[in-house]
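Encoded as structure tokens, the following chain is the form predicted alone, with no partner shown.
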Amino acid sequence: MDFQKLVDVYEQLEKISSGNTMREILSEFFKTVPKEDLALISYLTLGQIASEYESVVLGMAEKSVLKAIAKTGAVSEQKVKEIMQKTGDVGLTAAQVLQKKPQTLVPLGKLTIHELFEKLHKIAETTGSGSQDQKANILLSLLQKTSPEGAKYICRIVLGTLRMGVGDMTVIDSLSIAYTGEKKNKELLERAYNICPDVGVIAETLAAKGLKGLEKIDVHVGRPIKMMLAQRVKEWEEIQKKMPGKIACEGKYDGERIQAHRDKKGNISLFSRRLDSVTDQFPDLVQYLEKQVSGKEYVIEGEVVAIDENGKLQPFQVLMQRRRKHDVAEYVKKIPVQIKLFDLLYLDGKSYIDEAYEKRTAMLKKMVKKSKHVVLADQIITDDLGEINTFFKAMLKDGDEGIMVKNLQGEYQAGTRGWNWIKWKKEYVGELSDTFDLVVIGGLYGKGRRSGTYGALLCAAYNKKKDQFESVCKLGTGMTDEMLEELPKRLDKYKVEKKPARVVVKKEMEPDVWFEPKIVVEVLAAEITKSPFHALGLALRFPRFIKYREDKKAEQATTTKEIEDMVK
């Protein structure tokens, strides 16, 4: 397919602010796409050239992209920089410069989806000395063969800033409508996507084999499974109603959730909750798992925590220092880690996700040889409330967040916030407040001490059913002066000119600046109140910034249903 056809669709999508209209446009377009191009177009529409877990990085600096634009347009780099300062967007800069592209530089032929995809991968694979110049030359060859509008989107994809407002569920919904005729079949696609979070595989399977093909999608070692999530309750009695009789209680740790995959060759891959590969960040953890966990091929889950030399748990912020590309060996020594394993999803050719929790953990115990760095999560199985309360207090004393309560007979519900798991945190006891993971969707300019940065952030919860972000609070408390100073640098990458399509905000709450829903923050709030000004009709009272949740995607934030259920 000619890339320009996709560009025409992107031009439509960029101008609209309705999620439903987006789905209509995409589904109609998907019907016209050749099957061999469908996976590629699904990736590109998310601003990617592969699934997220494959961690394919194009690795181009903005400076190199601007250099390629200058060469293609036969103008000076200084001129391009001046235009960039005015537009604030590399894509718009490319479109403006290339309106008058020299005809002598334009090769014959049109840019196809396959050629674009192939050359973008070539950019990603180019490394070593002089690689930025080589990448710029490949980009130049693409810009020569496309329109000014096409150049806009290619440059944005290269820098990871497509900014079209399309999310993975937008693509899944659109595929459902295009290939099954009904949006309600999205549940079948979503289930398959939770086990195989790769829009390309989902698109190809649906096009070639239909819904029956999706039903056969199962666990594949090396491809992460969307992690199961826990419900929250405000009263212990609600847990007893959901899980009568004996239950399992595990420690809830202040760390990073990790899914570890070992293939038949003995290679171990680690994935975060966001499904990013974090294998290179934890080479020590890979070695511990190799020695302490048996099984030729497996998928297991646990929580990685930072520990001191005595094995005592350290705060989450300490662990986050291990999220780095450089000086990894130094930080392995500086910040040792321990993994607390709590689930088994696959072992030696057999999927365990449909098995009962009790069976999964019993098998996991047989696999693990405990050590300082690899242990099983603290656990008790009981129906004695006094015993549970003693366990809960012991977890808090050790510096944990609380406990996870699990249904002994419950299966593993990939990507779902089901009632087989319930979290019970210290915030739910007594008069303490509750925490929420919210998405930054807007910024309000600061005054006085905060002039020159953002004085407050507009934050939203995620409506999973509608695939949209609904405002619930303005956040301006809890940040240090240093944090406030670096806010523009952290946020400006996601700045957009108009409200993103999946964001819902009432007129009274419109911010000075809109952001793509990408950054997640943990917020402490005193209570939930009714609000005619916020999209959800509810607002968080006295919200306070706690920390950035870099381990979460926007779609993994606190849901609107969770907040509504807490009010009920």
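Since the structure is predicted, the reported quantities are computational estimates derived from the model, not experimental observations. In this text, residue numbers run from 1 along the sequence as written.
The protein also exists as the form predicted in complex with adenosine monophosphate; that form is not presented, and the subsequent description refers to it.
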item	value
Partner contact for Glu250 in the predicted bound form: adenosine monophosphate, 4.5 angstroms, heavy atom	yes
Partner contact for Met404 in the predicted bound form: adenosine monophosphate, 4.5 angstroms, heavy atom	yes
Contact label in the predicted bound form: Arg544 to adenosine monophosphate, heavy atom within 4.5 Å	no
In the predicted bound form, Phe342 touching adenosine monophosphate (heavy atom, 4.5 Å)	yes
Heavy atom within 4.5 Å of adenosine monophosphate in the predicted bound form - residue from Phe271, Trp421, Tyr346, Tyr193	Trp421
Heavy atom within 4.5 Å of adenosine monophosphate in the predicted bound form - residue from Arg417, His373, Lys474, Lys71	Arg417
In the predicted bound form, segment of 194-202, 86-94, 286-294, 404-412 with a heavy atom within 4.5 Å of adenosine monophosphate	404-412
Residues within 4.5 Å of adenosine monophosphate in the predicted bound form, restricted to 549-564 and counted by heavy atom	Arg549, Lys552
